[in-house]
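This document starts with one chain, in the form predicted alone, laid out as structure tokens.
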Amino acid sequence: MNYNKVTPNIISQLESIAGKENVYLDEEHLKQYSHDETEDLKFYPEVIVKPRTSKEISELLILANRENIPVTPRGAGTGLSGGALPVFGGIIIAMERFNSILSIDERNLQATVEPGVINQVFQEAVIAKGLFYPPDPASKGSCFLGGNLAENAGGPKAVKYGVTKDYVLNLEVVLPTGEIIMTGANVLKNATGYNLTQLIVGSEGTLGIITKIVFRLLPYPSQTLLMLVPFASAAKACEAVSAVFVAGITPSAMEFMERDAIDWVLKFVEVNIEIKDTIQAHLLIEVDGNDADVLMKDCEKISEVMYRFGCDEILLAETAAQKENLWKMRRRVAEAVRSHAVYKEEDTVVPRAELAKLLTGIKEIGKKYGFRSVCYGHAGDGNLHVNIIKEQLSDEEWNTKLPLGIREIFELCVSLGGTISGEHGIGWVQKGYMDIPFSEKEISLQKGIKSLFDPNHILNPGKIFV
């Protein structure tokens, strides 16, 4: 793609639109916005703009479209697929000033927010009113809701409550050509025309820039019980997952951690837990609701299932501190791996009954190509995060052989009825594998949608498709 450079005249126009104090050209800011949490990739933008209104974003995009300058929208920079990387330079539109919770409608169980609101801040605001917004990615303490929408984020609660898309009713979106649209209506049922709302969710910032979100909410479940279930066999732990649902129980969270993942995190954070040498994996299982007796019966049924698959002694967290301790262990795994190793993280997903086959296949592929993997993830969704560790691999092996191994992992996922990303998105790093889940026609249709929204391909170019 051939784009124009940002000239002093363009800078002057950007300053006129957003205010000189909201346009950044200094090296410190350019470096800060050159990366997200995807491996060690860096692409420097030419300028960063921090607008505050939809009208300002509209004017910025009209300018960029006219001058053929690439624009990369950016939230908190917590993404794991390179979706916020300015791979062609150009302008970054940073959304952190869009940080207001505009309203919480307790009568209709809805909320209207801006995309720069942090996930956890929003969760706590609605909990204070007895309401519940379930999507809770591991980065919930820092990630923006707009980025959650861009990637259709999930998290542990998705197994019972669904992912981000299941809570979005309506969006205000600025199109790449500058028009400002509403995608739907603030209603629970809508059979009026094409579903533009769900098209924008998960589109990774390639079709428009979200400036306002209308969410549906739920009543807040007042009680939770949390179990840590150890297994001597990681495959048996995976096999036990679907059996819980067959038994008629839907946990509010069901997480898998193999032994290597736990060992990594125990080196990184202080978690008060003892693990037998024979244990090779854990399931972290939560149930929630409003009746403690019902939840305890659910835990008893789950325990019966677990013991059928040969688990060791189950730990039931008895205090809030114990629960927090166990969740800290799960949520900090990725951070622990990132801080201690050169790695690549793949976001595989299969029907949950195929999880054991996926894990076994990943280990076999690792042996074939000489890499070690650290696996963990949302077992109840069949969503397994695979951290591939460089260790003794040479740079040549890392750059040439490893992509072949990753391709085999993704082919395995598709052969098992799954696909190549459950919640991290395609972005910059996975686009070379899109031929695995999609035919040429299917990719062509998606590219056609992109061209319809963004005829000059100025918005987040280079993402999703080769």
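Only a predicted model underlies this, so the values are computations on that prediction, with no experimental measurement involved. The numbering used is simple: start at 1 and walk along the sequence shown.
The protein also exists as the form predicted together with a small molecule; that form is not presented, and the subsequent description refers to it.
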| query | finding |
| --- | --- |
| Triple contact flag L80, A138 and E345 to the small molecule in the model of the complex, non-hydrogen atom at 4.5 angstroms | yes |
| In the model of the complex, the residue from K297, R216, R338, R308 that sits within 4.5 Å of the small molecule by heavy atoms | R338 |
| Contacting member of A158, I262, A334, V126, with respect to the small molecule in the model of the complex [4.5 Å, heavy atom] | A334 |
| Proximity of R330 to the small molecule in the model of the complex, heavy atoms at 4.5 Å | yes |
| Exercise: H385 in contact with the small molecule in the model of the complex, heavy atom 4.5 Å | yes |
| Interface membership of K212, the small molecule in the model of the complex, 4.5 Å heavy atom rule | no |
| Contact test in the model of the complex: H378 vs the small molecule, heavy atoms, 4.5 Å | yes |
| Interface stretch in the model of the complex with the small molecule - options 49-57, 66-74, 399-407, 421-429, non-hydrogen atom within 4.5 Å | 421-429 |
